[in-house]
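Shown here is one chain on its own, the form predicted on its own, set out as C-alpha cells.
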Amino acid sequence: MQHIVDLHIHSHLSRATSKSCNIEGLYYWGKLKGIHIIGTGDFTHPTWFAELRDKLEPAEPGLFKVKKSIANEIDKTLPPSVHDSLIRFVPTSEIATIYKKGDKVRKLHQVLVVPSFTEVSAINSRLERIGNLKADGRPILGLDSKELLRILLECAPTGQYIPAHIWTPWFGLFGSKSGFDSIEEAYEELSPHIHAIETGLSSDPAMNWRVKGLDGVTIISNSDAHSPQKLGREATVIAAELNYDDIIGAITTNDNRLRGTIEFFPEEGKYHADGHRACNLRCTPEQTAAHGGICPTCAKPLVVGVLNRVGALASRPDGYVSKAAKNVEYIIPLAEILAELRGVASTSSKAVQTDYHDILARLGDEFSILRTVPTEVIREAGQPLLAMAIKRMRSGNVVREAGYDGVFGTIKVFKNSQERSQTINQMSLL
C-alpha cells in the first residue's frame, strides 16, 4: 500500500505556529489532505510530549494513532469522502544547533525520527542537560550537530537523523550563510549514519541530483508545516508495510519501496533565487555575480539563494538525471489554485474555503484531487475551470515567479488577470 508521509511538522508550542497545530488539528487536516503518516513534531518540548502521550496510543509497531474517543468526535466534522483515510503518527522533532566549527559559526536544523516514547524520553533526558527544552518547540542547542547525531544513535538505534531543508541559507546543512560544503565536513566519522536529506521548499530532487556528494543519500520531502493547513505542501510517497521499520527502511535504503516525492515548484520557495527583500530585488546567480554579491540599491550583501548555492556545489550540469531517481510530482496547493480562480489574494477567504470544502466533499481528499482524480471527473463534478487548472499544473504548464530572501515565490496557472478573465468567459460560453 502506498503511504503519503510528512515527517517534518511543528506543534502549537513552536514559535510562529498556529494554535490549531494540536493533535486534533493535525488529524483533521491530515484526513482532508490525504496524508497517512504524520510526524508529531516537537517531541522535545515537555508540554507537547505530555499531550502526545495523553492523546495518542500505540498502533502498528513504531506508529501511533489518535485515541478512538478523540478520533470519533473529529470524524463527525469531516465529510464522508475522507472518513476512511488512515492517519498514523510517528515521533519526530526538529532541533536547531548553533556552534562554531572550522572557525565559522554553524546554524543547522535537523529532524529526528524515532519509533517509541521510551526513546523520546531518553533523548530528552540527554538534551535537557544541554539546553532549555521548554523555551520553544524547536529548541536551540549549543551543540555540534555531529554530537546530536551521536546522542540519537545511542538513545534510539533505529532512529533517523535527517538534515532539514539542506539548502536554506541560514539553517541548512549546505546553506550559503552558515552551512558546510559536504556531509563529511559536518559529520566526519558519523557521516555513514546520514541516510537521507530533506530538499526543502526551495529545491527539488533534480537540483540535488547535480551534487555528487548526495549520490548515496535518499532524497525526501516534507512540509515543515507551521499550521495544519500547510500539511503536505511537500511529502514523500512510500509503498511499504504499515510499521516503522518498513517505512523508515524505505528511506534508509532508497529501495523500490520509496516511490518518490511530492514537491512545491521550487521557485515558490522563499529562498530559491538570490536577492534583497528590503530593496525588492530578485537576482539570478549571473546577476549576483555581476553585482559582486552586493545589492546595487543599498550596498548591503545580497542573500545567496538555493539555486546559486546548488550551482556552487554541483559537479553536474542542469538537467542531469540520477540513476537512483524516483518519481517527482509537482503540485500547487488546492486552496492556492482556488484563490487564483476566484481572483482573490487570500487562500483563507470565505469563498475559497467554501469552494475547498465543497470540492473535497464531492471528490475526496486534496492529494487525490491534485494527483490522481481524472480531470474529466473533476469537470463532471461541476468544476471545469478547476479541471483545466489541474491539467496545467500536472503538465508543469505554469507561470513561475521565484521567491528570494524570505519572500515566497508565486506559481500561477494564468499569465495574468486578463488571461484568467478570457478563459472564464470562454468556458461560460461553452
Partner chain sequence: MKPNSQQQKAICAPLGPVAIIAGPGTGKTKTLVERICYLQKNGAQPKSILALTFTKKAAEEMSERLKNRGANGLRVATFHSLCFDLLKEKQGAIPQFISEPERLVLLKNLPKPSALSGVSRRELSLLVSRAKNLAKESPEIRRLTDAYNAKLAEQNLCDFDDLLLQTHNLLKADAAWQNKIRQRFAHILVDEFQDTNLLQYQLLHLLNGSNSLFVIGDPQQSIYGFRGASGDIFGKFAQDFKQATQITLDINYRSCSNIVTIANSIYPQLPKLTAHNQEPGKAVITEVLNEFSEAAWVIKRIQQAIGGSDLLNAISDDSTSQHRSLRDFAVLYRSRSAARVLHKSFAESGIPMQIIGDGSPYDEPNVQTIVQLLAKIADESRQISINNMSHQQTFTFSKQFDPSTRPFNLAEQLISAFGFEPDDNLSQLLSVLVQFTSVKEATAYFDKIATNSFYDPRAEAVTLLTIHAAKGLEFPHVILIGAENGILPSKRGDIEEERRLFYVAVTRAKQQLDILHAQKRNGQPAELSSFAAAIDPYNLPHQIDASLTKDKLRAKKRQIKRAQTTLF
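Computed from a predicted model, the values in this text were never measured in an experiment. Residue numbers count along the first chain shown, from 1.
The same protein also exists as the form predicted in complex with the partner chain; that form is not shown, yet it is the one meant from here on.
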query	finding
Segment that reaches the partner chain in the predicted complex - one of 70-78, 257-265, 310-318, 98-106, heavy atoms within 4.5 Å	98-106
Listed residue that, although the partner chain is not shown, lies within 4.5 Å of it in the predicted complex (heavy atoms), from Thr218, Ser227, Thr288, Ser322	Ser227
Listed residue (Gly292, Gly142, Pro157, Pro192) with a non-hydrogen atom within 4.5 angstroms of the partner chain in the predicted complex	Gly142
Exercise: Ala351 in contact with the partner chain in the predicted complex, heavy atom 4.5 Å	no
Touches the partner chain in the predicted complex: Asn124 (any heavy atom, 4.5 Å)	yes
Contact label in the predicted complex: Phe117 to the partner chain, heavy atom within 4.5 Å	yes
Close approach of Thr253 to the partner chain in the predicted complex, 4.5 Å, heavy atom	no
Residues Leu32, Lys212 and His357 all lining the partner chain in the predicted complex, heavy atom within 4.5 Å	no
Sequence-ordered residues of 25-58 touching the partner chain in the predicted complex, heavy atom within 4.5 Å	Pro46, Thr47, Phe49, Arg53
